[in-house]
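Only one chain is included here, represented as structure tokens and corresponding to the form predicted alone.
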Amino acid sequence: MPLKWLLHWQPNAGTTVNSQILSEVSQCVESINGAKEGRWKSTLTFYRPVLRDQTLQAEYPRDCLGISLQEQPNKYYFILRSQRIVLEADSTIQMIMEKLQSYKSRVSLYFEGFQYQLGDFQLRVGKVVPTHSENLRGIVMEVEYLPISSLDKSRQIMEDFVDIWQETVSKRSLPGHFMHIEPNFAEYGLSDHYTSQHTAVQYAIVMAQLIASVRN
């Protein structure tokens, strides 16, 4: 499958994300001839273990994340960051978890916005909002390069594209910038050949960054 990088908006110290920044970023995509193609949405859910015996607390991972991706509607992904584990399951696993009551959904966040086509690139720019709320928690951008699925072979072209993108955004003098943090995919047992599990890991890493920036 095509390779993608997930970028997130890092606000300058003392500033927060807002809908005006999101609007300007979307205008930036259109200014470099990105053609709007429709909407996209991914969902990330924090789960916590339901412990009937509190002495077992150490045995259950506390940071269990579940992720549904638009491009894989029949799959569901779990990330245990502390153990560096990523799992792909059938989407019906969510119903099974509800019935088992071993893990309970604590909070869910939507990553949603618009998708754009730009030559061999597909860009998705969107907001991060809790379900049942319009409170903006962050801004993310997926940069997908359609011809290549190798992390190594695509690195140079992805870096070049992101440099051009950063330059385009910087002309708007917005209070922040986009950041790309590349996870160590090998720690999760993932190879150079890109899969949706790589995407799930990137979402987990970005979520940790968004939480950290809110706390700071």
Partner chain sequence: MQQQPQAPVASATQPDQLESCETTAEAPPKQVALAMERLGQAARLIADVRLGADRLLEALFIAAQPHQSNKPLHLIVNEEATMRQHLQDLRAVGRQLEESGVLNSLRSRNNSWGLHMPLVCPDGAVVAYAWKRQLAGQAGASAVDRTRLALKAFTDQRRRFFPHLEDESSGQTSGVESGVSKKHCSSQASTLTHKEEPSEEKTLPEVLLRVEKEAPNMRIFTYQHLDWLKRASALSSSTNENFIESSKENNFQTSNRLRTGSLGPVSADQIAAVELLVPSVFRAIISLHPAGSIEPDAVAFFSPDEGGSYIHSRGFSVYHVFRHLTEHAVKALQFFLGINTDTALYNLLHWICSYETLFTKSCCKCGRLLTIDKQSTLLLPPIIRPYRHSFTTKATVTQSSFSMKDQSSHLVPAYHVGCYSEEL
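Since this is a predicted model, take the numbers as computed values, not measurements. Residue numbers count along the first chain shown, from 1.
Although it is not shown, the form predicted together with its partner chain is what the next lines describe.
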Segment assignment from 37-45, 156-164, 176-184, 22-30: heavy atom within 4.5 Å of its partner chain in the predicted bound form:
156-164
Is there a heavy atom of S150 lying 4.5 Å or less from a heavy atom of its partner chain in the predicted bound form?
yes
Taking heavy atoms only, is L146 within 4.5 angstroms of its partner chain in the predicted bound form?
yes
Partner contact for D120 in the predicted bound form: its partner chain, 4.5 angstroms, heavy atom
yes
